[in-house]
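Single chain ahead, written as structure tokens, the form predicted on its own.
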């Protein structure tokens, strides 16, 4: 076999990767239908499906995306080589609030604001921005080597996706699983929208902690600005310190703006160990207080407006932002001798907007909520019946705990960008009605005139339907052929906000679990183990690393040592080391081909020497058998490391060095045996490396003589049905 001229030069990823990816795309083999049509995969082959977590179409690929693309591509390439009818469906996410914030920053630079714009005009501008940026994202995904089927690409705002989301909303409404009501929500006064929990950052802060005199009681708070409307004093019914007080008892006392009458409420929600064991409640601005007020049918009064300013109930402080009002309020309380003491350096957790760090201000608002308990109960049954596998397994317990304690889900967002909620709201009684067909003109409760709901869906509501919506539920042939999907691989940090909701909504709509295996990876951290952020200046751009060291090196660096669910510290030194590995594989190939010019590999060769027959061939075949089992168990971190060590420490450092001695000798039978072994083993190495380092292996495969197919559709060198390695 003549050595290819390319091998005479060092491996150059820049000259290889774009050309190889184009070759893959033009082959059509990313598409399972093409693989069947061309006889690559049997038409009755078992399907294997991954739905790509839709990438935000508003920015650039980050290290976390790089990890997702790497792991999922490893899975897909392996399953494709194993003969499965593999579909990896790519997608982009409109990303609701996230994208709108990115665009708002652009508007700020232009001296504009979304609050002064026509909603339709703003929506169109964001749409144009998103679509223009989507090509950039897709090109970056390709740079990672993703072998996804671009002919099936979906966008979360595609008309068919939107219609599916609408139908789900309608079904939930019809089944009495979605309702519109006044409940406490998490509100950002800067961005003027309610949030899901994912968009809230728990931040540790140090503030003053105030002990205030409330009649005969001492109450403790870090937020005196909320206390103007407090007229209920709540205590635990078992707290012996307050046993002389009875539920419903009234007490006259002096408060911030004058005398009030307070009512005693006994409730088990009070933490007897916190502060003095008694508390006043502000139902409009605290979730626990709201729950107590709902239970006892107490009044609720708004103290702070949606801009974070005090309302007229605050008297002289009305119109002042709460941050400025706090010291003024305390000064007044001191003058009235209502401050018992002030504890400084009080460390506590504050809920803030993850984009602007504004303190989240709970507000009672009329929003759409999904009743989660009925949906969660069905999922819990499936989990308890072992119908869902979690990798790593501890996420199973975490999910069960969350589902058992699940709260109703606010799906309303006060933003322009996203899927509009198809509903009408009564102008008189505020009753909400799902109206997918836009036919409702009067309120079903009071007969009054209605208006269109101006809110949009929480992004997680639409993306929670991604597995079945992207496959064209219910009538598309892809839904029938590829649903349920095989595995959902994504970040562990969104186990509740996305994964669990996909399971709930998928089971609810299709009566089937959307996937039966959940593979969760951890965060990608910097070399020091710190979370990446622009403010820290430690963000690692995966495309900078692929440009510098090659994509194969980046992929190996993302996988080796990366156990599921644990965070990965990513350093440039690590990626550089795996560039050396790619070069090692290239040099090994050069040696093998240079020393086997005179022969052609014979699959049926039997005249091996005792060493090859009894040790070397069983060694590589046992390795392949072992890693095949581990690939099926999603232990890619182990497989990558084992292949690395066999190639470098065993094949290169020992077997090739032994071969040099054999080739210098005079025993022709030993030479022939070793040449056949080297050629056969090199082919096996290139195959088992391909899912991890697809570019360099595909390039080498084209040099190995009589190979008629692309490596990406070659058979994995282990045929499970035969129970032995497959050299073909």
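Superpose the two forms; the largest set of C-alphas matching within 1.5 Å is the rigid core. Numbering follows the first chain given and starts at 1. Bear in mind the structure is a predicted one, so any value in this text is a computation, not a measurement.
From this point on, the text means the form predicted in complex with the RNA, which you will not see here.
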item	value
Any non-hydrogen atom of residue 43 within 4.5 angstroms of the RNA in the predicted complex	no
Residue 660, heavy atom within 4.5 angstroms of the RNA in the predicted complex	yes
Proximity of residue 648 to the RNA in the predicted complex, heavy atoms at 4.5 Å	yes
Partner contact for residue 579 in the predicted complex: the RNA, 4.5 angstroms, heavy atom	yes
Three-residue site 221, 496 and 561 fully in contact with the RNA in the predicted complex at 4.5 Å by heavy atom	yes
Contact stretch among 99-107, 581-589, 122-130, 369-377 - heavy atom within 4.5 Å of the RNA in the predicted complex	581-589
Contact residue in the predicted complex, chosen from 253, 398, 611, 339 - any heavy atom within 4.5 Å of the RNA	398
Position in contact with the RNA when the complex is considered in the predicted complex, options 505, 469, 279, 421, heavy atoms within 4.5 Å	279
Heavy atom contacts to the RNA in the predicted complex at 4.5 Å, residues of 603-636 in sequence order	635
CA of residue 269, rigid core aligned, shift of 2 Å or more between this form and the one not shown	yes
After fitting the core, residue 389 CA displacement of 2 Å or more between this form and the one not shown	no
